[in-house]
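Just one chain follows, in the form predicted alone, and it is written as structure tokens.
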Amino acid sequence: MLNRFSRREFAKLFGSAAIVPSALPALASVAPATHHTAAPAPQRFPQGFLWGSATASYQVEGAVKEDGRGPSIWDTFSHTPGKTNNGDTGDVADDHYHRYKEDVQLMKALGLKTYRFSVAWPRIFPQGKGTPNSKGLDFYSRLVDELLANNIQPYCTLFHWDLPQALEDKGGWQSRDTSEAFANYAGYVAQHLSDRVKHFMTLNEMRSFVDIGYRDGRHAPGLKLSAGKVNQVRHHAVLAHGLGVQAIRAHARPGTRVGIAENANSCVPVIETPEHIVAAAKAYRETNAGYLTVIMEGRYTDAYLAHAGADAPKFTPEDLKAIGSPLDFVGINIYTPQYVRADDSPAGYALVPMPASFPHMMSSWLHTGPEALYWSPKLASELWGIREIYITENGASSSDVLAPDGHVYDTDRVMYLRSYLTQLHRAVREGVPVKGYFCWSLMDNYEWADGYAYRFGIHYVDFKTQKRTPKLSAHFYREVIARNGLA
């Protein structure tokens, strides 16, 4: 068992300028199993643990031209030939804009305690800023009322990738103005919804929309920028988060809690021995340096800036102060692990590649590594002293088909969820402060550039008729919620 890190040891590992929590828990290896004949304890979660599910506005709402909504970069991108699978768009998606009451009943039938949704920025500010659109806000107000009427707590994400096209036309996330526009939008929504919504997340998966959208060109807006420009986009994203936190605190009702939902690189020790566990902690901090690390520490790591060299982002001390604004909670989206081993390099770790034979779900990128749901929140809480964590996304794609009897027997997704939740229970049992879990996703939806070819929902959606059908995984999840655990 590793001992608790001292401040001196922490500084030696991560640098003297690193943020050192006042009481950093031990990074522990696994103790040998004790042999006994007693029955295993039920895998129950703490009383009050929040079981939820999640969606995103462009993926489910449809109604892209109704009630004053302006176009987003995903409207433009999906309507550009060759950019999405089969030319699929989110024009209709799940028609959630009109069917939200039906969808809330799906949540109620599951026994959900909470629901994470995102607000479409172009519904609120069709031009990205300026005059707000009251009809857009009215939709989310109705949705929140419907959730509360069914005893489901709303958790609101303010940006899940559907940037107003009008802002992209002026530079999008390449422009600092977009960060400031986001803060104004975030403050406005919080001002009008925080009488009923008590938890807000600023941005969802900065790593994804920056790296895939502005570096790789596979997502909206479909750009392939140089390294220096990508680093500046990344900085504007984390700056938007920080300014957004400040705006929410300035305009929301007292008691409103603010966080983020980031897909941190889920570093996992390749073998659970002390040297690999320490390596995984180093890798967690450094491979997330441009996102979660700078948010939690209020500074870029020396290694991040050194690696960027002349391509490092331009920023001010005031920027870093805003980016490091204290959070009430941290949301982590977790799907697949990044295995890490110790080595003798200056970094002290090496990333372990996955062989072609590594098991994965329908999506080729979604390697199944349940222990990510243990190590990611554990390392985050230990590195930065985080006291409240939510798993804001976790789920799996499957080749879902309706059986002749009308059911969907997604045993692979059930296997995935059971395995991951077992590791989450391990974390919670050991004191990792995870307070809730949001299954991705409530229902099949528009899977970005993959269109409708990949299904992540626990409810099957016939996109021609919009009929929703609970899959086997929905029945499994309902049982987990009813038991507040796995056994």
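Everything numeric here is computed off the predicted structure, so don't read it as measured data. All residue numbers are counted from 1 along the displayed sequence.
Only in words, not in the display: the form predicted in complex with a small molecule, which the text now covers.
Within 4.5 Å, heavy atoms only, one stretch in 249-257, 233-241, 272-280, 328-336 touches the small molecule in the predicted bound form. Which? Only one stretch qualifies here: 328-336.
Can you tell me whether residue 58 touches the small molecule? I mean in the predicted bound form, with a 4.5 angstroms heavy atom cut-off. Outside the cut-off, so no.
Can residue 438 be called a contact residue for the small molecule in the predicted bound form at 4.5 Å between heavy atoms? Although the small molecule is absent here, residue 438 would stay clear of it in the predicted bound form, with no heavy atoms inside 4.5 Å.
Residue 204: heavy atom within 4.5 Å of the small molecule in the predicted bound form? Although the small molecule is absent here, residue 204 would touch it in the predicted bound form, with heavy atoms inside 4.5 Å.
Residue 218, heavy atom within 4.5 angstroms of the small molecule in the predicted bound form: Taking the distances in the predicted bound form, the answer for residue 218 is yes, it comes within 4.5 Å of the small molecule.
Within 4.5 Å, heavy atoms only, which of 400, 94, 162, 393 is in contact with the small molecule in the predicted bound form? Going through each option in turn, the one that passes is 393.
Which residue among 114, 78, 263, 381 has a heavy atom within 4.5 angstroms of the small molecule in the predicted bound form? The residue from 114, 78, 263, 381 that makes the contact is 263.
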